[in-house]
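Only one chain is given next, in structure tokens, and it is the form predicted alone.
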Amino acid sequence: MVLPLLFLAFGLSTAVHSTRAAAQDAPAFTPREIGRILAHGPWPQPARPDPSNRVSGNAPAIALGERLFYSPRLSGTGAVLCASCHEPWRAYSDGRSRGVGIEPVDRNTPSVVNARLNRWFGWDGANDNLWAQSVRPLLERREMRSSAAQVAALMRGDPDLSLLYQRAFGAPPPANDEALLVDVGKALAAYLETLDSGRTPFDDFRDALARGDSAAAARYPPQAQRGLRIFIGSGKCAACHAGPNFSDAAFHRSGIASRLETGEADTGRQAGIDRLLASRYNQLGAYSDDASRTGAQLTRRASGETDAAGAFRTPGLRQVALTAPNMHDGSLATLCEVLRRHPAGESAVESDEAQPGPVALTAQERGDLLAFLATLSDADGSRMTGANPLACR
């Protein structure tokens, strides 16, 4: 059997340490723990075209989408662009507690890196596909405050954009403003699908375990290994932050309440379901290119979701060292604060370690977890606010 052999190979690596203290530094993972670690890969994940978007993976559409992503002319004021909130140098987030377009908005701006792996889009899952999520900020009054007519006029009136559109979609821009708006969303989505994060120190460690390479596995920092053991075990983190993107793509209550611009409580997924089912751009609608409507099955079932009030989508943790502030409302400035205050929520994963209830962590465990989380980024984890594990008390 593969896992016991992997365990033996990895377990032998601890024997090379010359002192008792060094031997205690890095854990010897059990076969079960190794299995849980392997479930967080491999990385990168293979590209899979979106059947609801006929230009998904299309090189000319990607070029058009990239051009539009950096164009302020899509906005109603001509001053806001997609990259205003999704800044490449901030791992495609904005560094603010809550996003600011033309006006401030209610929630934190999530990174769009690895967005192609999401099942739902937005903190509340109000969209079931990436192109609809790309259309949403164009029309939202506080974000880009545009309209189908304005977007269509830009695409038809700019010769360069018209040519790029024709190359991507095989025809000139259509006369129907809304159809053209949706195609702009699909081109933006085609570009966003290319924004994958790179490999990380964790991925090298995970793959070393998979092939039984104890020497390579031993290069992964011992403190990160201890944090990983907590992450997949006693900390209950992996119950929600599961899979290669460290997200179960489900909705959970975080224990952090927030309010909307109106002063009302942010009900999260509950309001998101209403918007999803009312949207003309969901996968049940006429603009989906998926003739089979296979991808719409989850949309049909959304109305039957229970306990949606106050639940928010589990974000992926790749690049998490680079995207503070944290949580749906940006209320926690550092990951240290998250580890101090964020309890284990209800889990959709059946496991003897995935039960509801808060998890008490010692200062040492918080430091170990932080060291692990820093290895989930493809850039220098020291850029993280409060990155020093010894300071995570």
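Model, not experiment: these values are computed from the prediction. All residue numbers refer to positions in the sequence shown, first residue = 1.
Beyond the structure shown, there is the form predicted in complex with heme C (HEC), which is absent from this document and is the topic of what follows.
Student: Going by heavy atom distances of 4.5 angstroms or less, which of Phe202, Tyr281, Tyr165, Phe121 would be at the interface with heme C (HEC) in the predicted complex?
Tutor: By the 4.5 Å heavy-atom cutoff, the listed residue in contact is Phe121.
Student: Heavy atom within 4.5 Å of heme C (HEC) in the predicted complex: which of Gln223, Ser197, Thr299, Gln133?
Tutor: Here the answer is residue option Gln133.
Student: Answer with yes or no whether Leu64 is in contact with heme C (HEC) in the predicted complex, where contact means some heavy atom within 4.5 Å.
Tutor: Leu64 lies outside the contact set for heme C (HEC).
Student: Is His40 one of the residues lying within 4.5 Å of heme C (HEC) in the predicted complex, judged by heavy atom distances?
Tutor: Flag for His40 set to no.
Student: Just to confirm, Asp213 within 4.5 Å of heme C (HEC) in the predicted complex by heavy atoms?
Tutor: Heavy-atom contact with heme C (HEC) at 4.5 Å: absent for Asp213.
Student: Taking heme C (HEC) as it sits in the predicted complex, is Ala374 in contact with it (heavy atom to heavy atom, 4.5 Å or less)?
Tutor: Judged by the heavy-atom cut-off of 4.5 Å, Ala374 is well away from heme C (HEC) in the predicted complex.
Student: Heme C (HEC) is absent from this chain, but in the predicted complex, do Arg107, Ile256 and Thr314 each have a non-hydrogen atom within 4.5 Å of it?
Tutor: Yes, all three are in contact.
Student: Since the chain is shown here on its own, which stretch among 170-178, 152-160, 107-115, 204-212 would lie within 4.5 Å of heme C (HEC) in the predicted complex, judged by heavy atoms?
Tutor: Among the candidates, contact is made by 107-115.
Student: What residues, if any, in 234-273 have a non-hydrogen atom within 4.5 angstroms of heme C (HEC) in the predicted complex?
Tutor: Counting only heavy atoms within 4.5 Å of heme C (HEC) in the predicted complex, the contacting residues of 234-273 are Gly235, Lys236, Cys237, Cys240, His241, His252, Ser254, Ile256.
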